[in-house]
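Next comes just one chain, in structure tokens: the form predicted on its own.
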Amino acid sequence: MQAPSRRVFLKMLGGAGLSSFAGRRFHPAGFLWGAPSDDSVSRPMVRYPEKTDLILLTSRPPQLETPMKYFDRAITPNEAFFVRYHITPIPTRVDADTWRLHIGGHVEHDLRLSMNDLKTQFDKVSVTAVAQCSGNSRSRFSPRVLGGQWGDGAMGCAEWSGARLRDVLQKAGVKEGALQVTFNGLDTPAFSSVPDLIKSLDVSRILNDPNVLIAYEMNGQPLPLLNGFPARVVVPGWFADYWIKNLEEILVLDHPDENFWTKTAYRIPDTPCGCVEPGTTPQHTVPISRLKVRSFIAFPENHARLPRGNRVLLKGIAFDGGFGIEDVQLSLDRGMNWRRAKLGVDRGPFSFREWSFAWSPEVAGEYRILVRAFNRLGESQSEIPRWNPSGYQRNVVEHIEVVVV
């Protein structure tokens, strides 16, 4: 299998030619919860190969956001799944027949695995898990922070299938003294001054977690190129900066990884909340890791007009970092009272959990509808937005506003 042609990708990734491809089809009050989820802000919609209409953040590198309407279900369609690259150029064509995954470093045997090797030499396992960009919802931070100004759609949930990473490492033979494992993809910086995107995990983290995968399928299909074809790392419960796409090389280290993307980037304040006073600089930081509890209202959309007396089914999703969602609650009176929503099928602790709530508004007027979730540890979302200078791991109580007429 090959990705869509390089010519198509290069045209679309060029800033001048991007707009001409939009819409083309390709085949293979008193509360401080912050701004509501809202796709009505005038941001352009674009259509890239293997994708439906997504919200454009940047084209070089591609950053494409999923519209909120797709979060009324547990599984995000492949074509609607968000896209996040850090550097350019990105791979625009990969031949799975000639692609090889190199496993080396502090191991007994260097391996160069083909796609057929991954599929035949290792057990195929699956896990349903949320991939969420660390900066999802960054545009909601106040005061504003630098970085891609994502709305709330830099996330998605899929069933990922592939080989356990620990099985692959065991075949290579991890030597005594191994500390960390780095992952590198096919995206390569155009200039030597730009650090290549390399991320790492502790060896113990991998060997003790059978859910960390080298995935080659997404919802039963080969990965879309923009979501990592031919293979990517999947780290359920952790933010997606660890989920390296278009995987090319895995190296085992006998020393701490100190590359830019570990030592400097993707770090949060070393405080219990991962936050500091707005506008200040943290004294110490640690790498970002586990997802926080979040919940969203996908339907109705923000600013919707609803007929009085008619039944409307509110719908959305909730998730956390792998303990599992136990309860979702809504408030129709700005947080004074909370009502329990109906939870959908439990697809596992790393998955989106669907929820729904039937409402028949009898009184006309403006409503602010709030949603919050609780995981099995009792953790929930904060009522007041927590701030950090990178705009990471937002998990405040979210809301929409509707008008009943």
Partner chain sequence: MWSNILKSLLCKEEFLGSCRLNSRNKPGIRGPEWHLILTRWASIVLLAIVMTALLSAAEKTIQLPPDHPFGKLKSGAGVEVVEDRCGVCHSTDYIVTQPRRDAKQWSTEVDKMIRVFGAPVKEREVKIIVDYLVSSYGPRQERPTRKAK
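The structure displayed is predicted, hence computed values, not measured ones. Positions refer to the first chain, counted from 1.
A second form of this protein, the form predicted together with its partner chain, is not displayed here; the remarks below concern that form.
Annotation: in the model of the complex, residues L57, T88 and D97 each come within 4.5 Å of its partner chain through at least one heavy atom. Residue G147 is the only one of G104, G147, G324, P300 with a heavy atom lying within 4.5 Å of its partner chain in the model of the complex. For the residues S193, N116, N310, T281, the 4.5 Å heavy atom test against its partner chain in the model of the complex is passed only by S193. With its partner chain omitted here, the record of contacts in the model of the complex names 59-67 of 59-67, 373-381, 354-362, 338-346, defined by a heavy atom within 4.5 Å. Although the partner is absent here, W160 is not a contact residue: none of its heavy atoms lies within 4.5 angstroms of its partner chain in the model of the complex. With a 4.5 Å cutoff on heavy atoms, T92 counts as touching its partner chain in the model of the complex. For the chain shown alone, F350 is not a contact residue for its partner chain in the model of the complex, no non-hydrogen atom being within 4.5 angstroms. Contact between F81 and its partner chain in the model of the complex is not found at the 4.5 Å heavy atom cutoff. Contacts of stretch 230-262 with its partner chain in the model of the complex, defined by any heavy atom lying within 4.5 Å, are made by F260, W261, listed in sequence order.
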